[in-house]
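This document opens with one chain alone, in structure tokens, the form predicted on its own.
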Amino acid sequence: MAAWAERLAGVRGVLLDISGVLYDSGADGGTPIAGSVEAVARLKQSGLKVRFCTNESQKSRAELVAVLRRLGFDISEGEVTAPAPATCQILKERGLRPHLLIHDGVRSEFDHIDTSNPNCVVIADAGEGFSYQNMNKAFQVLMELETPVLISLGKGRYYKETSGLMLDVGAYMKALEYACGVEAEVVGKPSPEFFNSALQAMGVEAHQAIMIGDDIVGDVGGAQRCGMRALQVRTGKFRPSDEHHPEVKADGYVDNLAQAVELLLQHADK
């Protein structure tokens, strides 16, 4: 691999994944990953632009930020690009009335959305809400539509909590795609529109930005397809096999966010 100086030259903006990079979520509120609170503070003091880019869909953006602030992170709602607010925007623009298969923790994001007489299905990480009954209801709604529309908040396969690996929305999205013969529209990583909205909010071009995430496909591959650089941290859902992925190669692999920030502050914007 090229020297770090070459790989990180000209970076002006940093996109940070949250779960698995800043902290591991859990029933107890979660645990910060060692060094990450300080790493975010250092980044923000450095003059580099920083934005948080998450597929979190079990918590509202306000609740997620409150959890992170309790853990010591310097973060505000306005700095977070998340799929639920982006989905609400799409629903309003297209006159879509969703049947919601989502977690109760994120339901407040959809309070101002008309859900009567649904003409689409929105699926998120519903956790325990992914019962046969609830999946079958979403299936029935889609099958009754002349032009079925399925919107998925991200398409992750799994993520890491303090108690271990957890199945993510992608598996359930695929089940509905298969049963209904539809292709879901993904709002969230690795969707190019989602990354581009984060870049726009940060005010930097793709070639000036770097994504730091724990998901080799969703974070690293998605960012690279948009013209960004991307580092993978060896925390969160990282698996050693990620470094030999058949299709995606990160611009660098780092032990954690603290190491990534150390390297960025040495070499970025040179």
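Sequential numbering from 1, following the sequence displayed. Small disclaimer: the values here were computed from a predicted structure and weren't measured.
The following text describes the form predicted together with a further copy of the same chain, which does not appear among the structures shown.
Enquirer: From the list Arg239, His245, Lys44, Arg69, which entry has a heavy atom within 4.5 Å of a further copy of the same chain in the predicted complex?
Expert: Flagged contact: Arg239.
Enquirer: Is Gly156 near a further copy of the same chain? Define near as a heavy atom within 4.5 Å, in the predicted complex.
Expert: Flag for Gly156 set to yes.
Enquirer: Hey, in the predicted complex, is Ile90 touching a further copy of the same chain, heavy atoms inside 4.5 Å?
Expert: Contact with a further copy of the same chain, no.
Enquirer: Can you work out whether Ile113 and a further copy of the same chain are in contact in the predicted complex, taking contact to mean some heavy atom pair no more than 4.5 Å apart?
Expert: Output for Ile113 is no: heavy atoms all beyond 4.5 Å of a further copy of the same chain.
Enquirer: Does the 4.5 Å heavy atom contact test between Gly95 and a further copy of the same chain in the predicted complex come out positive?
Expert: Gly95: no, not in contact with a further copy of the same chain in the predicted complex.
Enquirer: Would you point out which of 71 to 79, 113 to 121, 193 to 201, 156 to 164 contains residues with a non-hydrogen atom within 4.5 Å of a further copy of the same chain in the predicted complex?
Expert: This holds for exactly one stretch, 156 to 164.
Enquirer: Using a 4.5 Å cut-off on heavy atoms, which residues of 168 to 187 contact a further copy of the same chain in the predicted complex?
Expert: Counting only heavy atoms within 4.5 Å of a further copy of the same chain in the predicted complex, the contacting residues of 168 to 187 are Gly170, Ala171, Tyr172, Lys174, Ala175, Tyr178, Ala179, Cys180, Gly181.
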